[in-house]
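One chain comes next, on its own, written as C-alpha cells: the form predicted on its own.
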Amino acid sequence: MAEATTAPAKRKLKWVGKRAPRPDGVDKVTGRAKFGADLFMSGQLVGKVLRSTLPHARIKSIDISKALALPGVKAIVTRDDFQDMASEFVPAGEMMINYKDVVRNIMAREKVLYEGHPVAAVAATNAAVARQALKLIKVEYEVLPHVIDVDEAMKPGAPLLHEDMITQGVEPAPTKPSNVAKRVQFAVGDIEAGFKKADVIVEREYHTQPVHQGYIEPHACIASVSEDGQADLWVTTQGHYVVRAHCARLLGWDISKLRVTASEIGGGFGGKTVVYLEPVALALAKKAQRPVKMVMTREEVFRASGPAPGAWVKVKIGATKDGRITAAEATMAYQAGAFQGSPVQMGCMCAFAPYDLENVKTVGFDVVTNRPKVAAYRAPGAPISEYAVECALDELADQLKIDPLDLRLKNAAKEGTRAVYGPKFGPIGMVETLEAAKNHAHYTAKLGPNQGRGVASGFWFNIGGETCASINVNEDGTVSLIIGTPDIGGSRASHAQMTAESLGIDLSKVRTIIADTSMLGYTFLTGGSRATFAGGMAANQAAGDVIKQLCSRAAKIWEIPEDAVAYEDGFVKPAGANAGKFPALSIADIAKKAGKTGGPIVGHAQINAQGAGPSLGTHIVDVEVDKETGRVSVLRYTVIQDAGKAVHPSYVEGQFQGGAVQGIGWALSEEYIYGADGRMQNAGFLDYRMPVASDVPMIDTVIVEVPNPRHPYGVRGIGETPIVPPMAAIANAIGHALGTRLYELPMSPPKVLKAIGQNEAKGQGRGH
C-alpha cells in the first residue's frame, strides 16, 4: 500500500501558516462559551473554605460541631477526611509535586503554613449559610514564628516550617533540618580557569518578588458523586487528566470512577496545572450526596493559590576584550512557598542556555517560606535567572564598549551547542533572532531626553509528553478531531489546521473537540509549550491512520490490491495506470460506503512525543523615565522569536505580545507585598498592579522560522519564551536612560526615585 501520508513540511502548505478564523471565537464573544463557574447542576450546594489568618501555627484542635448543626449545612471536611500520603514526587506541568505536600496544601494537617491555608470546608444550601458555618468552626492554634523572605529563611536559626526537612543534594549530607529543601547544580568546563582568562568580569546580585499569573477567571469547579461511587468533575484547568490522577490519588479512589471535563479557561499561564478546590469539592459531594460547586474569590486566589517565586540571584560573567565569554556562573535561591518544589532547577538549566559557553556553572537552592506554595508561571524559573544573566551581560557590553547585540551574537548558541544541562541543540534560531533585532528599524530609531533602549534574549526548552488523538470520519466526509489538551492559547485552531493539512481537506471540514477523561487515553496537560507540538504530532499520526483505512476501503470498493491505490489531497486514486481506471474517491465517497466495507472509519494515535525544539527570542524596548515621579513609561516594544513554524500566525503574535505585557508588569509594578505580621497586603487587582491597556504600547512582533526537524510541520513551542526577556530588557533600558542600574524587581517609582537620588548625589546622571 502507498505511504499513509507524505512529508507535509516538504510540500506546499494550504492551511498551516494561514490566519484562519478561530473555532471558539463566536461562542466566546457571544457569551455562549461555558467557563468553570458557569455550570449549574440540579440540587447543587455551595462550598466554602475556612482559611488560616495566621502565617504559621500548629493546629491543636478543630471543633465543627456548631457549624454542622446549623440548618442548611450538608457536609464539612477537615484534615481527618483526607488520608496522609507518603513522600512521592510526580510531574505536574514542567514542575514536580510531592503527594505528601499536596494533601497538606489542600487541607492543613499538623500546621498552617501560610495565610490562606485551608483548615476546613463546608457545603451548604447557599453561600450565606456556608459563610455563617465557617464562623462557627472553632480552631485552636499554637502560634509559631514565621519567615517570609528567601534570604531570611536560609539563615541559621530561622523558624523551621518542616522539622523533618533535610537538604538534599549536599555532600556530606546535613544532619540538621533547615528550610532549604535541596541544592541543584549544573556545570561544564573549568570555571576558575575561565575567569583567569577574562579581561573584564561583571559580578552582581539581583532580587525579584513573587508575582501572580494574573488569570482573570478564578479557580472554580463543580463535583458530583453518586451513591455507587461514580464521580464527575467539571473544572477550569490546563490538564483534566492530571486533575483526575491527583484527585483519585488524594481520595483513594479508582481512576476509572472519576470523569473530569475541562471547561473553557479564562487564563491559566501555568497557574491552573495543580489542584486546590477539586479534591475538597469531591470529598464534600461524597459526604453530602449532592453536587457541590466551589469558586474562589479574587482574594482567595491571591492568598491561597501559587504565584511565581521570588528569588535572590548572583551572577558572575567574565569575557575577553573582544567580547568572548570565558566563564559564567550563577547562584540562585528561589522561594518555594510553604512546600518544596520551586522551579529553581529550570532556572539553573535556562540561565545561560542562549549562549555557547565552555565554562559555566549554575547552583540553585529550593527554599521554603511561609507563603502559598508556588506554581508554574510561563517558563517557570527561566524569567528570574535569565533576567539576572541578561542584565549582567548588558553591563558587560557597556564595559567592553561592544554593542549588546554583537556581544550576544559573538557568544550565541547554535546547532551543535551543548547546553549546561546536557543535550546538544539541533537547529535553533538564536542567531536569527539577534540578526533580525539588529536589522530592525526599532534598533536604530532616535531616542529623546530621559529615554533609553534595552535588549535581552530568552530561552525555554519546551516539552513533549503523553498525548492521544482520535479522528472520526463522519458519514458526510467531514471529520471530528478529538484531542485531550485543553485549549488555552489557540490549539483548537492549530490542531484543526494540521489535521486538514495532513488529510488534504478543507479546514471547514474539521471540527476540534476537547475530550473529557473518559473519551481518550491519558493526555498530559497543556503546559511547557507542548500542546501544538505534541498534539500536532498525534493529529498527524491519527490522520495517517485514517488515510491507511481510506486506502484499504477504496481497494475493497475497486476490488484491487491495497498497494495499488494512493492517497493525494483528500482523494484516493489508482496508484498507476496498471491499477485500472477508476474515478478518484473523496473521503465523503468512501464514508458513504463505510458500512459495506468494514464499518466506521476512526484514526487513533497515542504517543509520548519526543523532539520538542527549544525556543529562543530577543526583545527590544524603549522607555522614558520621569525623574520627578520615578514613573517608567514603555514607549516602544518589539518581540522577535523563533517559532519553528507559525501554524496560526495571529495566535503566535498574540502569544508574543501577551508574554511581553506580563513581563512589563513583572518588571515595573507587580509584586506580593507582605507586612511584618506575615499577611499579604495587596490581595486584589486594585492594589496588585497589573498593566492595563494604557500602560503598554502597541507591541510589534517578528516571527522567525527555523523549522524543528523532529516535527512534521516544523513546530516548536512558543508560548513561554516571550515572558523571559522583558524584565532584563526593561532594566537595561532604564539603566541606559538614567546612567545607573537597578538590581531589584519590580522597578516601581519609589525604587527608581531612590536610584535617581543616589545617582545625582554621585553626579553621574545622564540621559540620551
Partner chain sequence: MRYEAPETVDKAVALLASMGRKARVLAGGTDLLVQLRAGVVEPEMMIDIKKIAELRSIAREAGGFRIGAAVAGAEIREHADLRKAWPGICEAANLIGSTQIQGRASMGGNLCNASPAADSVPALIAAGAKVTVVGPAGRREVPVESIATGPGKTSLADGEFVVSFLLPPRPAHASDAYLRFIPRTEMDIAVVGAGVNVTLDAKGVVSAARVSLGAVAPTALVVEDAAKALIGTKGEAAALDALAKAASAACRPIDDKRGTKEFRIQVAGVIARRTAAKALERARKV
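None of these values were measured; they are calculated from a predicted model. Numbering follows the first chain given and starts at 1.
Only in words, not in the display: the form predicted together with the partner chain, which the text now covers.
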Can you say which of 244 to 252, 381 to 389, 642 to 650, 623 to 631 gets within 4.5 Å of the partner chain in the model of the complex, counting heavy atoms only? 623 to 631
Candidate from Asp199, Asp695, Asp190, Asp406 lying within 4.5 Å of the partner chain in the model of the complex - any heavy atom: Asp695
Just to confirm, with a 4.5 Å cut-off on non-hydrogen atoms, which of Asn608, Gln681, Asn126, Ser508 contacts the partner chain in the model of the complex? Gln681
Just to confirm, Lys135 within 4.5 Å of the partner chain in the model of the complex by heavy atoms? yes
Test of understanding: in the model of the complex, would Tyr688 fall inside 4.5 Å of the partner chain by heavy atoms? yes
Does any part of Pro750 reach within 4.5 Å of the partner chain in the model of the complex? Heavy atoms only, please. yes
Interface membership of Ala579, the partner chain in the model of the complex, 4.5 Å heavy atom rule: no
Of the residues spanning 63 to 78, the ones with some heavy atom within 4.5 Å of the partner chain in the model of the complex are none
